[in-house]
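So this one's two forms of a single chain, laid out as structure tokens and tagged structure 1 and structure 2.
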Structure 1
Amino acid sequence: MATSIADLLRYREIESPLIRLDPRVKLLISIYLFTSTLIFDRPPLLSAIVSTAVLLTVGLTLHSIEASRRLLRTIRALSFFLAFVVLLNVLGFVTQGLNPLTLEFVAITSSQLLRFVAAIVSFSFFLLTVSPEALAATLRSMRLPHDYVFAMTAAVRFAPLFLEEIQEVIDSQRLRGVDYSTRNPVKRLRNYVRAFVPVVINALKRSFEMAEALEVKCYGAVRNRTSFYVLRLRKSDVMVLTATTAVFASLVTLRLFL
């Protein structure tokens, strides 16, 4: 599961019109997709249709940059959370005195699962198509303080490494006989604590090394910073932004009259 989530956070450079699109436009598209899954919460059929449309749109778009398989692996890793949503729906029907073995329960649960997956996938569209440098430039264009921008960019860079290191430690301990599939919750928690201790220590060491490197490079010495990566809207960016905004406005209008 850790490696699947790491795949979602790792950017890979591919020559494609989608990659060349302005990151601010891609961020707005992700917001449009995410908002569409939220506003169409009922009826269940309409909610499922919109969520499916969002999934197909993101899936086909990411297929053009060969990232659809990574997205599918990430969705598969979220099966535990999907099962938890189903369990909550079953408990909700039972506490209300309703029978969960009905078509109504299947329709409501299916639409909620699709909405949950579509909401996650909508922002994966932005994460998989934007480099850390473009992400930093996007955040700076939103007038966020540079220190916060640097912290968020560093987190995006190091999160995949952190997750991969967790998986490597778990795999190495499994080879040494540590049982992570035990049903004893106390023993299982103790095993995971043993796996996280070396990872946290390495993360602290890495953070101190980064702090020393930034100090050597005189980070923060200049208040008004400049950037090599400057965002500029092109005609293709404006065309895509206009088209997606028009589609989103149509969906909002449709929702208001339903």
Structure 2
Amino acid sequence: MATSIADLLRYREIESPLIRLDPRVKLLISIYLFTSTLIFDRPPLLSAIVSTAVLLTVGLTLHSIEASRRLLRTIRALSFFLAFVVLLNVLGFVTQGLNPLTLEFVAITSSQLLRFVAAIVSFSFFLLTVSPEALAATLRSMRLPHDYVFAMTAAVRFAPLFLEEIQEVIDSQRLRGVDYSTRNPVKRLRNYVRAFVPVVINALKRSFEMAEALEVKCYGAVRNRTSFYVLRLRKSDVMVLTATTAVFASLVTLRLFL
């Protein structure tokens, strides 16, 4: 589980014409997609159509089997939350004195599930298609101070490592006879707490090592640093930006008059 969630957060080189877009455009598209799934909460049919459109957009953009497979894995990893959504809906229906075994319930619940998945996917779209360097460039172009940008990109880079390490620690404890398949919730919790200790200690250690590495590379020696990687909007970026903004604007208008 930890590894499949780690997979969701990790950028990998994917070849596709749309991937070469400016990261700022991609960020905007990601926000458009995410917002669209949020504002179309009713009626179920319209919400489902929008969510499907969002999913299709992301799917077509990723344009690769490997990327789509990773998305599917992510969704599988989220199945626990999806089950939770269904459960909440059933409870909601029952407490309002409604019968959950109706077409209405199915329509509402499935449109919600679809929305949930679309929201997650549209959010991870940005992370999947933007490298940590491009993310840094995006944040810098928003005039964020370099120290913060650096801290954020480092965090993005290390998050999957962190999750992988949790898996490693769990594995090594299993090899020393810890029973992770126990049904006893207290024992289970204690196992996970135990696994957490070395991960946190290693993370701290790594942060000190990183600080040393930064010193060695003279981090912060120059106040006004220049960037090797400067973002410039190209013609194709402007075109995509205009088109998507137009679509998004009409969607918002549509929602306002609904």
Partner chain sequence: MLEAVNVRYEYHGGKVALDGVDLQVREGEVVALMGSNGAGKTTLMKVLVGLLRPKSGKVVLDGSEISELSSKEVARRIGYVPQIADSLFFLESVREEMRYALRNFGIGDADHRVEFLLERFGLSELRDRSPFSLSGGQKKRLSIAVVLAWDPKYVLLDEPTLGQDKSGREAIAWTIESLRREGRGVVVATHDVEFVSELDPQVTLLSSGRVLASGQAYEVLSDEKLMKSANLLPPQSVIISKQLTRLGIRTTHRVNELVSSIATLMRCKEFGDKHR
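Take the two forms, find the largest set of C-alpha atoms that superpose within 1.5 Å, and that set is the rigid core. Start at 1 and count along the sequence of structure 1; that gives the residue numbers used here. This is a predicted model, so every value here is computed, not measured.
Looking at both structures, it is structure 1 that matches the form predicted on its own. Taking 2 Å as the criterion, Leu175 counts as shifted between structures 1 and 2: its C-alpha moves by at least this amount when the rigid core is aligned. If you fit the rigid core between structures 1 and 2, you'll see the Cα of Leu189 move by less than 2 angstroms. Taking the core as reference, the C-alpha deviation of Glu212 between structures 1 and 2 is 2.4 Å.
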